[in-house]
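To begin, one chain is listed below as structure tokens, in the form predicted on its own.
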């Protein structure tokens, strides 16, 4: 056979198997997996001796160059996808918000124009529904046909005009029972949360950034998740809870799946590795503000257990990067902190280090959480999410043991701080290939803006 690239002498790890093998690549796809592969003509050979060869990561929840709180998140489609490649993420899914006048496809087309000249790895989009009506209902089929079978809806952000009420959520979930799409829900209870924000606002100087914690107790998420699950149950709709942060919500997901309700959920590294004590730092506490916010150690423990047991299917990041100058816009008012953290570059290392190296689960389960399950649920498997003949050659090579300390100055992310600063992590790729092209070599980005392609996805995705 003739190959363009052969990855030799590595240990291939997929979601189901681990075995020594070479991987042969022709063009953008994997064309052979075997031993002692040779090409009939000269090709690039990459030695992976002593290394894992695994499918590229898929981050299904990323916000790049997002306008929010009077600023724009500091990672755009260029720096964000460079960071993704450095961290081993070869496909990410961002969001396209509904155009208020022209609908869903207009928002998608506008977002693609922002991305196309910049993306360094492949990307897809979720369509955000902010104003559910019959016109949007009928447009869902067009969006699905275009290759976007996932729709985001917010149970909060009433003032911003993004909130979907129960009737809208109920109706959209009903539609997915017929069209095979999936509704991705930000689940928090707006009215109660607003009451609590008003309660702590007069004492904002006393509590500082920790007021963000006090005004969003666990039941704010728990009740909203419970409500969304009920609507999924009675409509037989297809539900996905994004950035789940509490142990109580994990219990609800487990109970719902036991009952046969079609609901999946993701959690994020910040909820697994950090706890809400970070908000008590008078100098840096505000930097960690996300929505929902980082919770308590017992929540982290329950979320890890849910990942270990397969109750949670995906780890994503909710990347939304704001630097220290942007975060300083809060000026002591916890209601004005731009919500979001840098995360796409440290997704794989954080889960690999705390999951595999801490013996919580196998390298195969790790691959399922950061690659295979996302590909299956989001409708891009087996094109993405595995190492198999005919799959895209999205491949990363990692040293199983080599660790490095997280230092924001050494990251590609366009941010002057990291929530994981000083932590030791393994799992950073020494080599990343995106559709057969080396985009990271010896840990450094060597790709090109605009190389990434839009990935069309299929409806009816399941894990």
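Numbering follows the first chain given and starts at 1. Fair warning: this is a prediction, and the values are worked out from it, not measured in the lab.
From this point on, the text means the form predicted together with a small molecule, which you will not see here.
- 318 is the sole member of 318, 392, 75, 221 with a non-hydrogen atom within 4.5 Å of the small molecule in the predicted bound form.
- Of the candidates 111, 126, 295, 243, 243 is the one whose heavy atoms come within 4.5 Å of the small molecule in the predicted bound form; the others do not.
- Site residues 68, 186 and 290 are all in contact with the small molecule in the predicted bound form, judged by any heavy atom within 4.5 Å.
- Judged by heavy atoms within 4.5 Å of the small molecule in the predicted bound form, the contact stretch among the candidates 249 to 257, 302 to 310, 149 to 157, 275 to 283 is 149 to 157.
- Using a 4.5 Å cutoff between non-hydrogen atoms, residue 403 does not count as a contact of the small molecule in the predicted bound form.
- At least one heavy atom of residue 340 is located within 4.5 Å of the small molecule in the predicted bound form.
- When contacts are judged by a 4.5 Å heavy atom cut-off, residue 63 counts as touching the small molecule in the predicted bound form.
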